[in-house]
Structure formats: C-alpha cells, structure tokens
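Just the one chain here, laid out as structure tokens, in the form predicted alone.
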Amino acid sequence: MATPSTTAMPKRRLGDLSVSAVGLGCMPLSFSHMRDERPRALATIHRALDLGINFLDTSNIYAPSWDAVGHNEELIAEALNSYQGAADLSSVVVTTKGGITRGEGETWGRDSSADALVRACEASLEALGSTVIDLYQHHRHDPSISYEEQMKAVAALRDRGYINRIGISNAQLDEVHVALDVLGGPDDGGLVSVQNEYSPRYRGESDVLELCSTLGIAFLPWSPLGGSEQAKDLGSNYAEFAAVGKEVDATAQEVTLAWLLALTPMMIPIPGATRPETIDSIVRSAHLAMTADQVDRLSATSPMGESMYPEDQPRSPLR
C-alpha cells in the first residue's frame, strides 16, 4: 500500500461540499491529560492537514474542565492559524455543536431554546475566530421543548448568517424526520449530516443510517473504534476484525474504518487521535481495499455493547 503522504485522500459528499473520506474527531485533544500537551495536540491536527484530512469535528463542550468550555474550538483555531504546511486551508471544513450545557462543578444539562443556541453559537464563533461556521450540528435532544422548536432554533442561526449548514447529532429516526420536515433535505440546502454513535461495539439506529444513505445525508459515526478506552482492544474483542487485518496487512483499527467506509458512500468516520503518528494509520484506512466477502464477515459480527451515553442514564455527555 502506498504511504499516506504519497496518495491523494479520497473525498466524500457533505451537502454541497467535498470533504476527506475520514475526518478528525478533535475531542480527545481536549481530554484532561492533554491539558499540558498543547504542542502535541497542534502537531496532530497539522499532520491531519498535511495528509489531506480537511474535515475537523469539535463542540463547544469539548474541554478538560467545565471552566474551559470552548477549549477544543480554540485549539482548532490555533492549529489553523499556526499551520505552515502545503494544505489548502480554504478547503478545511470545521463542524461544531451546541445544545448541551456544561456548568460549574461539572453540572450538565440541555438547552436548545432559541436564545441559548444563539449564545452558544456566538461563543463558538468567537472561540473559532470565525465569522461563520461551516457546519453547525444540534448536539442532543432537549426534552424540555419539542424537537420541531429546536430545529427551528437552529434554522434561525442560519438565517442570522452565523452558520452555513445544519446537521444533527444523537438523533433517533423520528427526530431525523422532524428535522427534514423543518429544514428540508441536503438537495434543498437543509439537513446535510447526522452524527450518531456507530462502531463494531454499537450499531444502533441502523434505520437512521439507512435513511441517510437513501437521501444523500452524510453519516458521521462518532467513536467509530468503540471509544478512546476500547479502541486499543478492538482486535482482541472482535477477532474477525483482527483476522481480516492479517489478510489485508492492516491493523484491526484500520480495518474497522475501512469497513465503515464500505457500508455506504455517505459514511464519513471521525476517529479521534492524540498523536501525529495515529493520523498516518487513520489515513491508511481510507485507502484500504477489502473484498465484499470480508466486509460481509465484519458486518456479521455481533455488537458487544450498548450506547456509551444512553438517554436513560444521565452522565457527563461529552458526545
């Protein structure tokens, strides 16, 4: 297989945009243990840009602590401003999110009222150092108001000129239909992405994935390797992914990302990384070829876990 630095990154559709087939989930760069590792965090993003990744995923709440909300957005802004490589930064797409609140003492909540989303979006614009956000995704359902109202509040951000495109995250099928009713589909300049959990460990909301594939809505699986703590054990937990890896001379993690890409052209995985060398592995996965039989074998494996953040078990929901 060609080295990542010598092979052009495949592209996929995101609304009216063409983005790298794999993006970079930047949340791990703001984990608490990375607080004193800013040079490494910046180098990780720079390596992604060098190797053709032009899709960066973040959120206002991705931060090492409650009093550092906006940390990850600020990190991305610094990485872009300090980048001196050959990548065309005009093609870089940054997506952030709003709707989850994080307050003093690590108190968590939801607020997708119109005023709250305006405040959150304005803070994100400031942290990103941008005049407009490429793609703004509604983070999670706020049970205090209807989903229709929440979608109208996000649409109002676009009407204000704060955002260019709209996505939703952690959405059930009925919520996707509400979003489509309010916003329209990708061909109408409406809903362009759904960011849901999906991995060998968790494959819920397959009906949402199917609908996205049918309508041309980008599906952005978060924690595509099963989460930061589980990723290293992926091959031992899922023997078939390790077996296919041996057949194609790749790691189980690379096989996992390639498997996701093979499921539908609308799939754009956003694995996380905290080291530049991990980026090389992520990019190799975008060039990995597997047979239809290998893909079927992987799809036939049984998921081992439930959602990392089920709605009926409130916790610190970074995702």
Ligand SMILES: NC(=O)c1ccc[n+]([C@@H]2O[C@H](COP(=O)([O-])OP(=O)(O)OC[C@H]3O[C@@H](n4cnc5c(N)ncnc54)[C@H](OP(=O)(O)O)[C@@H]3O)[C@@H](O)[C@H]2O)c1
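Just count from 1 along the sequence shown to find any residue number. Note that the coordinates shown come from a computational prediction; the quantities given were computed from them, not determined experimentally.
The same protein also exists as the form predicted in complex with the ligand; that form is not shown, yet it is the one meant from here on.
Trainee: Which of these residues, Q172, S113, S228, S206, gets a heavy atom within 4.5 Å of the ligand in the model of the complex?
Mentor: Residue within 4.5 Å of the partner: S228.
Trainee: Please determine whether K97 contacts the ligand in the model of the complex, using a 4.5 Å cut-off between heavy atoms.
Mentor: K97 belongs to the contact set for the ligand.
Trainee: Does G272 reach the ligand in the model of the complex, with heavy atoms at most 4.5 Å apart?
Mentor: Judged by the heavy-atom cut-off of 4.5 Å, G272 is in contact with the ligand in the model of the complex.
Trainee: Check whether P28 has any heavy atom within 4.5 Å of a heavy atom of the ligand in the model of the complex, and answer yes or no.
Mentor: It does: once the ligand is placed as it appears in the model of the complex, P28 has a heavy atom within 4.5 Å of it.
Trainee: Give a yes or no for W222: in the model of the complex, does one of its heavy atoms lie within 4.5 Å of a heavy atom belonging to the ligand?
Mentor: Result yes; W222 sits at the interface with the ligand in the model of the complex.
Trainee: Looking at 103-111, 149-157, 162-170, 76-84, which lies within 4.5 angstroms of the ligand in the model of the complex, counting heavy atoms?
Mentor: That would be stretch 162-170.
Trainee: Residues N54, Y202 and H287 are flagged as a possible site; in the model of the complex, is every one of them within 4.5 Å of the ligand by some non-hydrogen atom?
Mentor: No, the whole trio is out of contact, none within 4.5 Å by any heavy atom.
Trainee: Does any residue in 138-164 get within 4.5 Å of the ligand in the model of the complex, counting heavy atoms only, and if so which ones?
Mentor: Residues within 4.5 Å: H139, R140.
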